[in-house]
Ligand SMILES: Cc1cc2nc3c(=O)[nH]c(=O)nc-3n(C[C@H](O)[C@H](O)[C@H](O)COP(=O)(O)OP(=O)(O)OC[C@H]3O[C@@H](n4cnc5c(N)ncnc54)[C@H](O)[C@@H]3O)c2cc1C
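A lone chain, given as structure tokens: the form predicted on its own.
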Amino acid sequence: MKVVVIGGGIAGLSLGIFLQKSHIEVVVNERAAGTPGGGHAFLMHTDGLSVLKELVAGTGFKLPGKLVEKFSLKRPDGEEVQRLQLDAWQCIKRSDLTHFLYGLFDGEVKNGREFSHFLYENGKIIAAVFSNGEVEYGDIFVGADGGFSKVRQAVLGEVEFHPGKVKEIVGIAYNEKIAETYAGTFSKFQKNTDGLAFGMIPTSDIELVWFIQYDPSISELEDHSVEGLRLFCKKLLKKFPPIVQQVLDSNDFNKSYLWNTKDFDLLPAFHKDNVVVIGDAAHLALPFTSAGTTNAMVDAKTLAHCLSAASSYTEAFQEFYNLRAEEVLKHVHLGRALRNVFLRPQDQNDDDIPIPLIAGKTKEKDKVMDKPIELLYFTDPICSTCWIMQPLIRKLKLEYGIYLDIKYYMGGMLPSWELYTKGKIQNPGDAAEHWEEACACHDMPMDGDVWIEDPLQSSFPPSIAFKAAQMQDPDKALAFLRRIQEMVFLEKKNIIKWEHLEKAAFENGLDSARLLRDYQGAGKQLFEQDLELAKKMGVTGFPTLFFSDGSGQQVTLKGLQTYEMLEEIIHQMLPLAEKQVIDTDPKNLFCHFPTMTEKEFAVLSNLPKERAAMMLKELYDTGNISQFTSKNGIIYISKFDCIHCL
């Protein structure tokens, strides 16, 4: 079988490499005279990066591009409305990736071949004819020749392009200072009154790609000269921050271009007879998703696999369509939805602005189901007993989580030292001594020195931050709570300070800019409601747990508990409740709980302390986990490649 690929861009070269790996004869044909360039740079998501990693496996090649870890959305006046951690995005110059793929492809690329038409014999395509008169015979033909594909037009007919209603100007600026300052960040400045935005992403230590997206009803480019384009950009963005003007001043407008965005509906098929199209030739989405290059690479891998596994090309092509159509349709619809939001920003609340990127594939959340037992859990971020209970609560979730609807409330343990009159602890020094004693007694690491070096004056601020986090995502809020507990108990961080709360939010996928707004606003109201509920229910210490089964039966537990007591209450309320068997494989445990203390790992693994410590050391030595060592213990951090972290 010989495959003729028409188009030597990213999709075509990637397919060629995969076919070579499967020992399938392949010839790649490219219309450009040399290595194709075109375009400036793009963002590639984890799906595309995983394909690249598969291509380079065992070659020693280093992936091109710069990691993009943050997304920041600001208004032209500088107000930040979104700040999020990005998951596995890479900014890559198109020319760098193309040269990279050329280096990996060990086959033949025939340049200077612009597709003209196909040759038929007995109704079947047997060869591709190029405008220079050259002919390439083959068994299967793949159109990877872009959004205006001549191959697609030849076999599938004309498509109806839909105007994108948004135009885009793209360029590359050279400014070492700006590239260094904004390294790893996708920065976007966008108006909230009409469709106008400026974005930039560093592509190296000295350069960055930038773009302007605008609604042409605002203004339209009339002078298409280089100077005309420069003046138009300056005029459009005259009210944007100085940094935007600095980027434009660092740009060579000879290499910038205007792009009239467009897309087309999902095709009913990506093939006809022995011809198939991939990448933009098969599906074209608007640029708001940054999905084009990732889709091209996933197409290449998927088609190569289908051709290797199927008994005929007809079967392979149909399976290729079945595997890819639903995903690319989502991207087409997402691109249009993001476009509509962009054009009417005044209809969008700041808290609901969608990120202009495709979402990663993550573990599907458990289906919403009625759980027979409700557990109201009153806690506090600085409660040492709550921290000591963490191994048991985590075990309870794994073994009985299918029966438990756990709801977290803040109890407000420390309003201030002046108002704190409970027990023997009367000041930060007493708290430091208590933490040291509790650590020695219960084997959960706590460093009381935080109360000496940088004492917290109240637990209200981190409690309010938790309520603000719950407004965004309850699961991420729990991860946030866990992170600030680690900060205060092990890292001696004063979690009243916004810098630590912001860092914890950012690390756990929360929008830290929104968190600040809610922290200063609605989060306070929710915290007050928690305090009122705690008072009404008679909460006087932490943790306090209220179990109820919906029939009026309620059991209250206060303070430190044994696991046997927690189990007893569950069986008392639900006699037929079955304990779920925990998969104690370390990877599984760390994928459920990305950070664990030694005691937590021992409890969840059902191992003696010494054996658990040995296993953790083995995992650390083999690079599967890292660790943070505090004065009184270690916390272990997962490095497993796992998307199921909770």
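One rule holds for the numbers: they count along the sequence shown, beginning at 1. Everything quoted here is computed from the prediction, not taken from an experiment.
Unshown form predicted together with this ligand; subsequent notes refer to it.
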Of 191-199, 138-146, 563-571, 405-413, which is the one stretch near this ligand in the predicted complex, taking non-hydrogen atoms within 4.5 angstroms as near? 138-146
Interface check vs this ligand in the predicted complex: of R31, H592, K599, K66, the one with a heavy atom inside 4.5 Å is R31
Just one of Q470, S204, N251, S290 has a heavy atom within 4.5 Å of this ligand in the predicted complex. Which one? S290
Could you confirm whether I464 comes within 4.5 Å of this ligand in the predicted complex, counting heavy atoms only? no
Taking any heavy atom pair closer than or equal to 4.5 Å as contact, tell me whether D475 reaches this ligand in the predicted complex. no
Is it the case that L15, even though its partner is missing from this view, gets within 4.5 Å of this ligand in the predicted complex, heavy atoms only? no
Going by a heavy atom distance of 4.5 Å, is H271 a contact of this ligand in the predicted complex? no
Can you tell me which residues in 179-211 come within 4.5 angstroms of this ligand in the predicted complex, by heavy atoms? none
